[in-house]
Every structure is written in structure tokens, then in C-alpha cells.
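Quick setup: one chain, the form predicted on its own, written in C-alpha cells, and binding and motion questions come after.
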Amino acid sequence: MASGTVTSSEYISHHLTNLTFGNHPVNGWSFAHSGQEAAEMGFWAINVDTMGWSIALGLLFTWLFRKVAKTVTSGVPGSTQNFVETIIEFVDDNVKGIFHHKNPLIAPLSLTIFVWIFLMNTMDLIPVDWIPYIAGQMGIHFMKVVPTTDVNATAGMALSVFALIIYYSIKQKGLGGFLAELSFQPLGKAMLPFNLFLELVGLIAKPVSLALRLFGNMYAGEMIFILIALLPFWIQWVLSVPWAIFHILVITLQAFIFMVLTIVYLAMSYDHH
């Protein structure tokens, strides 16, 4: 920005553009260098930066927790083991307090959701120009490093949870019981169309709310960091440090909310009216 080579709007647009790979109708397979070009690539275009960072952080999570599990000691734990055990106990307490059924998948799923989303959210604390600048020196024109600011990523996680909700609802209640729950609640058989409308809206709202809540909060946080980066250097530190400290609460809370709602929704799929 100091060089004056780009305007504020161009700077913001650049930082909000994903590195996209897809089927361009004219040039074949190519990387996108504009929002319009990315749109032309179609539904199956892949945001490479979102996929890359989310997979890398997922591998970091599994490597760290596996390493601690293999070297766990019954004596005085080290700082890393103590940190991991604290997270596991925290998640386990939430699962036990909400999910009152037997399912060996729920606790590991909740742990994965909480830690993985937390790691992806934490990337928002890295100064907005650092990694894009390094990528630019390597010839990569766009690089968004916070996967949860991409609605495709949050929607993908939400739809995965939604698929589990449908699966366990049918598994526990049978297809007939699941359909009856949608059709005959809360006003009885006489109001079947109205019941079905209400229940379907409520059902579809679950993945929508999961995806958009996480995306909206993280996108807004990233936007504020970008706007702060447009200010003079000395003002940046005055504003960015307090916002980063506050944002630690936001990134943790969003991971926690996604995890808790997942547990609640899966517990509801087990419960009978």
C-alpha cells in the first residue's frame, strides 16, 4: 500500500479472493486471477488455498494428538500432554453432559470438530500480508489462509454433520418413524402439511445455521484485520493488537459453538418425541 500501486478497494478485493482451480470454458484448466474468471470455472472449481490449509491443519492436529498418545505417561505430564489432556477432558465433559446415548463416534467427532475449526480460525491471527506476500514472491497471486472464511469449507463441514443427523435419525427411529416425526409433529395428523413445512424448515436450518454462523463471524473478523492493514503503520498496532486479543475469544467461541450444536443435533436424532 505504501508504494501506491493499488487502491484500497483493489487491496481488499485481492485479500478476499481465493486461489481457484477449475474448468475454464476458454482456457481449459487454469488458475483463476479474477472473481469473474473463478465464477466461469463452474460449480466444481476448487479453492486450492482453502483445501490446502484445511488439510494441512487437519494433519497437524492428527500428528500432534497421535504423538502425545504414543508418548503418554502416567506420571507428571509435560506441557504438551497436559494441554492435549485438558482439551480431551473439556470435550468429553460436554459430550457426557449433552449426549445421553451410546455412540463411540460422537466424542472423537466432537474433538475433531473443535480442534480442527479452532486451528483454522487461529490462522486469522497471522498478519494479513505475511503469507500472501511470501506466496506472491513464489508467483502465487492469491492466498487466503483462513479456511473458515470460505463458505464452501464451512458448508462442507455443516453438510457432513447434517448427513450424520439424517443417518442416525433413520437408524434409531426407522424410516417410517423419521418421516412420522416430520409429518405428525407438533400439531398432529390433521395438520400434516403444516407440520411437514415446519419440520423441514427446522431440519434444513440446522446445516445452514452451522455453516453461515461460522463463516459470517470469521469473514467479518478477517475483514476488520484487512481494513486495519489499510491504515498508517503506527495506527495498525494500536488497533490490531486489541482486536487480535478480542478475536482469540471469537475463534475459540466459534469452534465451541459448532461442536456443541453438532452434539445437540445428534442427540436430537436419537431422541423420540
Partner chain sequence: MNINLTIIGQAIAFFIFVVFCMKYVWPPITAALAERKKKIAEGLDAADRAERDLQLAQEKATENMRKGKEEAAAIIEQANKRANQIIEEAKEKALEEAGRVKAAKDAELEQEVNQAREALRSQVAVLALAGAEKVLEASIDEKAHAQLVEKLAAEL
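Since we're looking at a predicted model, the values are computed, not measured. Residue numbers count along the first chain shown, from 1.
Below, we refer to the form predicted in complex with the partner chain, which is not included among the displayed structures.
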Have a look at 131, 98, 180, 88 for me and say which one sits with a heavy atom within 4.5 Å of the partner chain in the model of the complex. 88
Partner contact for residue 75 in the model of the complex: the partner chain, 4.5 angstroms, heavy atom: yes
Under a 4.5 Å heavy atom criterion, is residue 193 part of the interface with the partner chain in the model of the complex? no
Even though the partner isn't displayed, in the model of the complex is residue 246 close enough to the partner chain, meaning a heavy atom within 4.5 Å? no
I'd like to know if residue 126 sits close to the partner chain in the model of the complex, meaning any non-hydrogen atom pair within 4.5 angstroms. no
So in the model of the complex, are 199, 207 and 252 all sitting within 4.5 Å of the partner chain, heavy atoms only? no
Which one, 185-193, 171-179, 135-143, 157-165, holds residues whose non-hydrogen atoms are within 4.5 Å of the partner chain in the model of the complex? 157-165
Quick one: which residues from 195-225 get a non-hydrogen atom within 4.5 Å of the partner chain in the model of the complex? 215
